[in-house]
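Only one chain is included here, represented as structure tokens and corresponding to the form predicted alone.
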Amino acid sequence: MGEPNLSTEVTEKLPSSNPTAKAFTLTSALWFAAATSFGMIGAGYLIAPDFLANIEYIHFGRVRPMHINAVLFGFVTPGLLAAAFYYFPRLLRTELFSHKLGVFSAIFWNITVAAGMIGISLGYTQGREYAELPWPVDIMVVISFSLVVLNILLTIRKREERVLYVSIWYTTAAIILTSVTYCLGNVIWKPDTGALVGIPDAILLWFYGHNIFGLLLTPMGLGVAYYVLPIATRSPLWSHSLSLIGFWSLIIVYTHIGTHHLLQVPVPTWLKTISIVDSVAMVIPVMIVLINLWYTIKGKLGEIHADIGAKFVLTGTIYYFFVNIQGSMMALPHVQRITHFNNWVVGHAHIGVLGFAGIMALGGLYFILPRITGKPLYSKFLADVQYWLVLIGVTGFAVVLTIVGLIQGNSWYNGEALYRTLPMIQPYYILRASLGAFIMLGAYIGLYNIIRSLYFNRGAAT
């Protein structure tokens, strides 16, 4: 794993057009709009249980997993892949192995996500968190990841650049490891249930569930950051050694922390202890990465502010700091007595998936759009509007859901009845829905801006 100087991009012999990156860019933008729409429906039910008259296909029990899976596999992952399919050829100094395969994989990816949404909406689900998709869709997901893995590995194989930059390692590891952990976590060898029995199923589920973030979204998001920030600031990466240590410490430490979701159930004590220790130890890879990135851009905030993609990415690194410090703290048993099984965890998840990985994905999209179209963004103003809408929405989510979680946790800890708690948190649910509207509006503005940038960008407004 080497450290090419990224102060200038590698563009020799590489055309600016990149149909694979374009296809995944459009995929991400479309599903971001859809996912936030699902989320708003769910938020409506939390305010008014009879919202939309509990229409069977979109009642809360179905629209919530639709929202989660659309965010994970429809919006964030394709957005990060779009950036990866752009920077892989440049860092490897070779064209992508097959754009036909790349475009086909994007089309098949969309079919897969749509099939998952339809299946859940019709009531076909495995009923396991982050593993709700029915078995036939699980197989489609594995095929989707396999197509991407094939294209990436064959591109690496025929590369002209012999030294592999850290972004290549992060993204390649993410796709390969997730192809395996998805099979394990969704128990695809048991089509009838898609689950094991009892505690072993819970352990396996949370090994997979947490590693969707830790071994997919996190390394792919960091791969984008390691590529975008040095180029935007025209600075070489601050430390090659830290990039090595950060990569391997993330792979080693993160893998074992999923069981901290099960501290209050009868799983083996040694496994709980490992999960707690590794959760606290996550401070090591997180701070290594952030020190490396922040020192790379030291004194270059003006350049960051001038590049909307880099501004998204830098904001994502800040959320990365907060979500991991919070996660390490939440793994402590005494803290978890108050924070677990309530909206504190929901707030934590939104900071991680949307605040860190989602904003990284948006940063990657806005960074590559001018480069794959050969034109400026259709509207930098709209991109800035989306930035502030998402920033306000996610930050508000973090604050509101943390407050609600503390109210719920303390009420339950003190033995207060549920009917006393609900009136206290009702105003916060209304505020949460209002903040969600900011994010949804940002998603639709971004969709419009991205479509115009890709296909109808004649005037290139500023």
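Keep in mind the model is a prediction, meaning the values are calculated, not measured. Each residue number is its position in the shown sequence, starting from 1.
Keep in mind the form predicted in complex with protoporphyrin IX containing FE is missing from the figure; the text below concerns it.
So, Asn324, Ala331 and Gln336: all three within 4.5 Å of protoporphyrin IX containing FE in the predicted complex by heavy atoms, or not?
Answer is yes for this spot.
Among Ile372, Leu217, Leu204, Ile231, which has at least one heavy atom within 4.5 Å of protoporphyrin IX containing FE in the predicted complex? Exactly one listed residue reaches within 4.5 Å, namely Leu217.
### Query
Ok, Met40, Val399, Leu52, Ile430: which has a heavy atom sitting within 4.5 Å of protoporphyrin IX containing FE in the predicted complex?
Of the candidates Met40, Val399, Leu52, Ile430, Met40 is the one lying within 4.5 Å of protoporphyrin IX containing FE in the predicted complex.
Within a 4.5 Å heavy atom cut-off, is Thr315 in contact with protoporphyrin IX containing FE in the predicted complex?
Close contact is absent here: in the predicted complex, Thr315 is far from protoporphyrin IX containing FE, nothing within 4.5 Å, heavy atoms only.
query: Can any non-hydrogen atom of Val345 be found within 4.5 angstroms of protoporphyrin IX containing FE in the predicted complex?
result: It does: once protoporphyrin IX containing FE is placed as it appears in the predicted complex, Val345 has a heavy atom within 4.5 Å of it.
Counting only non-hydrogen atoms and a 4.5 angstroms cut-off, does Trp412 reach protoporphyrin IX containing FE in the predicted complex?
Although protoporphyrin IX containing FE is absent here, Trp412 would stay clear of it in the predicted complex, with no heavy atoms inside 4.5 Å.
Is Ser28 near protoporphyrin IX containing FE? Define near as a heavy atom within 4.5 Å, in the predicted complex.
No, Ser28 is distant from the partner.
Among the candidate stretches 180-188, 129-137, 195-203, 292-300, which one is within 4.5 Å of protoporphyrin IX containing FE in the predicted complex when only heavy atoms are counted? Stretch 129-137 is the one.
Quiz item: Within 411-445, which residues come within 4.5 Å of protoporphyrin IX containing FE in the predicted complex, counting heavy atoms only?
Solution: If the 4.5 Å heavy-atom criterion is applied to protoporphyrin IX containing FE in the predicted complex, 411-445 yields Arg432, Gly436, Ile439, Met440.
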